[in-house]
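Have a look below at one chain only, the form predicted alone, in structure tokens format.
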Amino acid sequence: MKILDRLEEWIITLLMGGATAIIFFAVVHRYLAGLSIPGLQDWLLSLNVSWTQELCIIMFVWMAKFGAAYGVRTGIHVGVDVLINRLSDSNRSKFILFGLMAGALFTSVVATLGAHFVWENGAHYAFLSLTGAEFGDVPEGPTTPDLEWPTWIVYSAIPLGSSLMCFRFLQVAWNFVRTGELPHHDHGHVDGLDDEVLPVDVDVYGMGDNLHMHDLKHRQVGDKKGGQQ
């Protein structure tokens, strides 16, 4: 599971970082191409960067599908559970388990239909071409306008992402049956940053000046050890 978790996180990270870099490149290219700089402007205008928008759209689609599966695993999806939390423990568990299994059923249907669509949209032709078999009347399938990639590669995000999402629903449901716990994500927590813990015996309201009385029990904020200022 750790290998799959890390692979899922790396795919999302690379897609997000790559799309951001491509968008930045396209914006800089558009800005510099509008400047009347001899030589540089002609060279920039000769570059064909129309593919950047299409590639970013594809990358964001893939990122969204795998990000949805990541959200199920970590519990970051938004849910309305006010009524469910007011139920008894037994009824609450039944509704939660029903919701998880409904999510698994829905994503499995989407994955199945998506796989059939991808197969008929050119993946079947690519498989026959790879194995050297006869094509018959199997269509080659369309390509994207700018990149001219087979569209079945782009649409593969649907069956792959939905299948992973279905697996995550089943994984969360199994853990809930075993432990009774659901994954929880603290939206206020930032990875890599730890909350600063203040010393217990410190008066945070103490003021070291001649206008306020000093608390002899607590060390003043800013005082060094030994009583030195």
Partner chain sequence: QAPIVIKFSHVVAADTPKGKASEFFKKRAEELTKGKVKVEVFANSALYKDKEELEALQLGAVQMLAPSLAKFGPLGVKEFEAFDLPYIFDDYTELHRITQGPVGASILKKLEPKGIVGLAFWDNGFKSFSANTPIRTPADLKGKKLRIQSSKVLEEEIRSVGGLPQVMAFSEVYQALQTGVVDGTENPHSNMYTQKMHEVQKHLTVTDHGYLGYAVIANKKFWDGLPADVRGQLEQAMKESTVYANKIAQEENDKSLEAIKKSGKTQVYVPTKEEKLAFKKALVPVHQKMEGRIGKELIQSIYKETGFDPAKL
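Residue numbers count along the first chain shown, from 1. On a predicted model such as this, the values are computed, not experimentally measured, just so you know.
Separately, the form predicted together with its partner chain exists; it is not shown, and the next lines address it.
Its partner chain is not shown here, and in the model of the complex it never comes within 4.5 Å of any heavy atom of Thr179. When contacts are judged by a 4.5 Å heavy atom cut-off, Ser129 does not count as touching its partner chain in the model of the complex. At a distance threshold of 4.5 angstroms between non-hydrogen atoms, Gln53 is in contact with its partner chain in the model of the complex. Taking the partner from the other structure, its partner chain in the model of the complex has a heavy atom within 4.5 Å of a heavy atom of Gln41. Along 151-179, residues Thr151, Tyr155 each place a heavy atom within 4.5 Å of its partner chain in the model of the complex.
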